[in-house]
Each structure stands twice: as structure tokens, then as C-alpha cells.
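The chain below stands alone and is given as C-alpha cells, in the form predicted alone.
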């Protein structure tokens, strides 16, 4: 019996690598398809639409609906994702939650039909719920599950929702995806890298192994430049590389991650003023490797999906498939 228990405890974990697709028009380039094939990736988590509050309609409405401009590859499974803005939950009455669930389900089926999708085994709901919206959100999840009892209902989880689960509650879902990024205060001018900060991240993981839901992991594979003007965050400039900033003549590098605008100019479609500051933030491979090592012993399930955010040309240029494959293997 002891030997059997030993073998059971040391069964190798099955790790699958997938990607979020978070753009409104769905199309995969030949380079992206080759990248997915090299990684043996068969799953994309695609945002089908947002749900946000429309003040004029006084209702929660769908926005940014997906459009599939190319046929879906036969070997790629699409997992629909729906983003629910927390302010929509704050505004909507609890009596209208069942109606919202029906609208979400109906729109999902309509969009799937338009893309010639026969159905799905999983639905992922992305929402950073709060204490004031917890009950409405949990009711929405129950309603969605009741409408499609055959699917695996998945909800995203922020770090604080794991650590303080006794307060934030355990969502009534089949599975959770831990979003292991955006963990430092973006608006704090002292922040070095809000995308991923392992010192802050590890403090949130003390209860992860005790969380009652099966957990998948979402990791960042993106970068941006945070524009600071008069010591306040003004906007995010996406898909910026460090090399790009270093080679821009109008910028003066003041430390390893900060650049000062020497004279006003246009940068990637944004007009920057003299003395603006750009703070470069990214997810370095070495940091992602450390994150994998940190998370691995905290995950109890034997089947694990690692989902990188998000698939685009920037990702395949900046992260080799061998590097992401290595990160996935560290969870085995």
C-alpha cells in the first residue's frame, strides 16, 4: 500500500500550453499557426465579447463582439471567454441577473454559429469581482451553469481572491484560472514593474494549495510603456520593447526602466510632451521561469493548463516557442 501511495503521489503532471486571444477580429497569421504547431498547442482562449454598463440604456450590454475573419483551424479548440466589467455588476439589479445570463448564453451561441463552431466544452468568465458585487457575480455563474450544465464553467481569479478567499468567497465554478500578473500598483510612481513582481506575488500564494477549486495558471507574455505625466499615469503604450525605447533619439534613459522625453514628439501614435516619463514594464523569460518554480509545488491538480496572455505578433517575435515550452515543462 505504501508503494502504491508513493507512485500515486509522484505521477507526472500533464501540462498543456494555451494562449489567450484578446483581439476583436480573429485571424491567425501563418507565423502564428507555425508557432502554435511547434508548441503542440491545441487550445486558444478567445474573448468573444465584454459586458459593461450602458448608462443611456440603463442596462448591462455586450461590447466588442468578436468577428472571425478566417476559418477556424480544425486542430485548434476555441474556449469562449467573456469579460464582465465589475461596474456592470454594481449597477445591475439582482433581479436582472437571470436575464443577463440568458443574454450571454444566447449571444455566445449566435457567435459560435456564425463561426461554424459546433459547441464548446468550457466557458471562461473573466471578472474582478468585489465584496459589493460578490453575490451578484456568484448568482450569475450559477445561472450560466444552469443554462449549460454540460460545460466546464471557469472563472478567473486574481491573487487577492486566493489569499483572502474567506472574505472574497469561493465562486460556484468548476475551475479557476489564477491570473499571475498585474500584481503591483500600476498608478504608484515608485512601482518598477506592475506586470510581474515575484516578491509581491509570493506573499499571495500562502493559501493556494488549499484553494478548493482546480486551478489553471495564466502568465504574462507582453510588455508596455507606462506614460507618466506630472507624476500620474496617463496611458499605456502596448507592445513596446526596451530596444525600441533605447534607440529613440527623443528619449533619455534615466535608469534601467525609465526614459525621459527630451522634446515633444509622436511615439507609436501618441504625442509625448517634453519631460514626460515612460516606465518600461515586461515579463522577462528568467522571471517567468522563477514564477513557474514558485507556483509548481502549490498546484495540486495533475492536469494543468498554462495560458499565456496573449497571442499576437509581438509575442511570437519576443518569446521563442522553446522558451515558453521550457516554462511549461517546469510545472511538470
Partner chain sequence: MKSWKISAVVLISLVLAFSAPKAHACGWVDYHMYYNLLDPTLLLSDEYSPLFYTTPNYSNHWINGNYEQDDNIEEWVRFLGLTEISDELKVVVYESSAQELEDALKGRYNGKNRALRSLAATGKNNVLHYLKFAKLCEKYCNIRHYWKEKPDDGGEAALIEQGKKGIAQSTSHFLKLRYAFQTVKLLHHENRLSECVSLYNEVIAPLGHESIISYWALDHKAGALLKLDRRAEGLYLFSRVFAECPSRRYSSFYSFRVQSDGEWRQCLALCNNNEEKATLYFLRAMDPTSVALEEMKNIYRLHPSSPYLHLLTVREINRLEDELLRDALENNYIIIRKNRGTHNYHKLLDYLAALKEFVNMVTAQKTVEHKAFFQICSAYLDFLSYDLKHARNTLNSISTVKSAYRKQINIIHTALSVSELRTIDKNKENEIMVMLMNAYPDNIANHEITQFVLDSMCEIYTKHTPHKYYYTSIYGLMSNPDGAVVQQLLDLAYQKRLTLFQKFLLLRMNACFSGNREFSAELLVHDADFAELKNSLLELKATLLLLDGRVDEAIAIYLALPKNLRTGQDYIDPFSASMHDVIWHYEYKGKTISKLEFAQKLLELHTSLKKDPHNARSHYLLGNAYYNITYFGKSWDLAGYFRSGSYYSGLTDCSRALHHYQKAFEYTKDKELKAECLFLMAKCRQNMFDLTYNTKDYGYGQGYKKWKKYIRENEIWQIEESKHLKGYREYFKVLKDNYSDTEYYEKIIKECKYFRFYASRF
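Positions refer to the first chain, counted from 1. None of the values given here were measured: they were computed from a predicted structure.
Beyond the structure shown, there is the form predicted in complex with the partner chain, which is absent from this document and is the topic of what follows.
Just one of 210, 187, 246, 192 comes within 4.5 Å of the partner chain in the predicted bound form, counting any heavy atom, and that one is 210. Note on the partner interface in the predicted bound form: the residue among 139, 120, 234, 152 having a heavy atom within 4.5 angstroms of the partner chain is 234. Here the chain stands by itself, but in the predicted bound form one stretch of 285 to 293, 270 to 278, 302 to 310, 35 to 43, 270 to 278, has heavy atoms within 4.5 Å of the partner chain.
Residues 100, 166 and 206 are all found to lie within 4.5 Å of the partner chain in the predicted bound form, as judged by heavy atom distances. Among heavy atoms of residue 26, none comes within 4.5 Å of the partner chain in the predicted bound form.
For residue 49, a non-hydrogen atom is located within 4.5 Å of the partner chain in the predicted bound form, even though that partner is not displayed. Although the partner is absent here, residue 146 is not a contact residue: none of its heavy atoms lies within 4.5 angstroms of the partner chain in the predicted bound form.
The partner chain is not drawn, but in the predicted bound form it has no heavy atom within 4.5 Å of residue 64. Along 45 to 62, a non-hydrogen atom within 4.5 Å of the partner chain in the predicted bound form is carried by 49, 51, 54, 55, 56, 57, 60, 61, 62, in order along the sequence.
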